[in-house]
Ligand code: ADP
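This document starts with one chain, in the form predicted alone, laid out as structure tokens.
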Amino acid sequence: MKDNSTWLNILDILKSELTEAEINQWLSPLNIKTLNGNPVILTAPNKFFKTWVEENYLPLIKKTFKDNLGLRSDVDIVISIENKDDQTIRTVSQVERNTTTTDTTFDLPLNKRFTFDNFVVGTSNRYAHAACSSLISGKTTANPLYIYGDVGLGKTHLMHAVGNEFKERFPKYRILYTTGESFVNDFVTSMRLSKLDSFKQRYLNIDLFLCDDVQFIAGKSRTMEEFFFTFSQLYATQKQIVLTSNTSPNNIKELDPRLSSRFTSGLMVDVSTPSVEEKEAIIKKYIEIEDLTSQRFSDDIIRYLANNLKSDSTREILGATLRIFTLASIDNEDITIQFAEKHLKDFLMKRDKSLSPDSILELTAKYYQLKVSDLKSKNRSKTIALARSIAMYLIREKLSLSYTEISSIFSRDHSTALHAVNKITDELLSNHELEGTINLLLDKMKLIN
């Protein structure tokens, strides 16, 4: 026979030993099933609660029964009969929301513009993209999914894409998107206003938990403890968790080791700096999505931006693209390299003025023990042809000249430069000797004054 009044008295006594948050989250869901017996039997709503209370609070509960009720009996915890047959651990609130809720997203809103369709996939992010896509399709059970990398490389885009896709495919799912900073502020406000119960209800009554920039909770002991409780219960009840951070868990300073252990227990994927080709693809996709067609972006200007913008952040790359589009539209001017140089001074890398087509030709010719005139000649010997192609590639890569401009340097037509640059680009994917040569020449260019 249940004796809830006795259990309420026990909880009241425990307030001198535990925080209100601990009592409300972990002990209030328990009930006394058998009081007059050995052992005293308490019921927990599921296996997770049972294990957690046994590991963290059972000795204190036993002591409280003994000291205040004079009971010499042991205390055991069992899973409530009505919950015991469930194959997946569910709470009453979850059952209710599966049949009654229509509000599927709350807390911070998802950005509807961030989808898988408009995410540019490249070598720098393909593993992260694949992990998120697999999560949606059910091909992976990675939990948590932890995505990390520098600012502006697409982590937030992927997280919102996951949320938007889940919302589309599973309209009854409760999705919560937040940030580490918002979680901290929300928790502090809830404590100040004595509204921790509603805070817990909001964070635990969900199916998909998305937390961006989770590193912001580090160093805040009470917040980390609450995040650990939240994470543990969501994980135990098989709710999907997706986290992003600017670094791997082990590199987050002052992060609770328990959280670091939890974060590394699932699938960790990183996003790295995009290549020039990926930057080009990102800019082209942005122009297409935003319909920036009233001012023409030629392939040459797109490549120039990809090569010369000093930031690797997607946000800043797109911001610079929008800036020159807007200014060109206002002034009714064509978007040229000269126009970009004039209006993107703060966005562009500072190039050494002495680096020119002539200096690149001289450097390449010297490396192959040739003359510059050999590179400009019609000679098609294997060594000269390779050196000529490499020079064309380096001029294109470092100076962003058009193929027509490059061809004119060598007194050839446009297609010759295009073919040479594409050939070197393709061979770099598998030819490590060529890659070493290119890298050596690039290093030597840095020394040109």
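Note that the structure is a prediction, hence the values are computed from the model and not measured. Don't overthink the numbering: it's just position in the shown sequence, from 1.
Omitted from view is the form predicted in complex with adenosine-5'-diphosphate, to which the following refers.
- Shown without its partner, this chain lists 297, 114, 367, 170 as candidates; in the predicted bound form, only 114 has a non-hydrogen atom within 4.5 angstroms of adenosine-5'-diphosphate.
- Checking 206, 241, 161, 153 against adenosine-5'-diphosphate in the predicted bound form, a heavy atom within 4.5 Å turns up for just one residue: 153.
- Although the partner is absent here, residue 315 is a contact residue: one of its heavy atoms lies within 4.5 angstroms of adenosine-5'-diphosphate in the predicted bound form.
- In the predicted bound form, no heavy atom of residue 321 sits within 4.5 Å of adenosine-5'-diphosphate.
- Though the partner is left out of this view, residue 335 does not reach within 4.5 Å of adenosine-5'-diphosphate in the predicted bound form, counting heavy atoms only.
- Taking the partner from the other structure, adenosine-5'-diphosphate in the predicted bound form has no heavy atom within 4.5 Å of any heavy atom of residue 174.
- Shown alone, this chain has one stretch from 261-269, 325-333, 221-229, 145-153 that lies within 4.5 Å of adenosine-5'-diphosphate in the predicted bound form by heavy atoms: 145-153.
- In the predicted bound form, the Cα-Cα separation between residue 146 and residue 56 shrinks by 3 Å or more relative to the displayed conformation.
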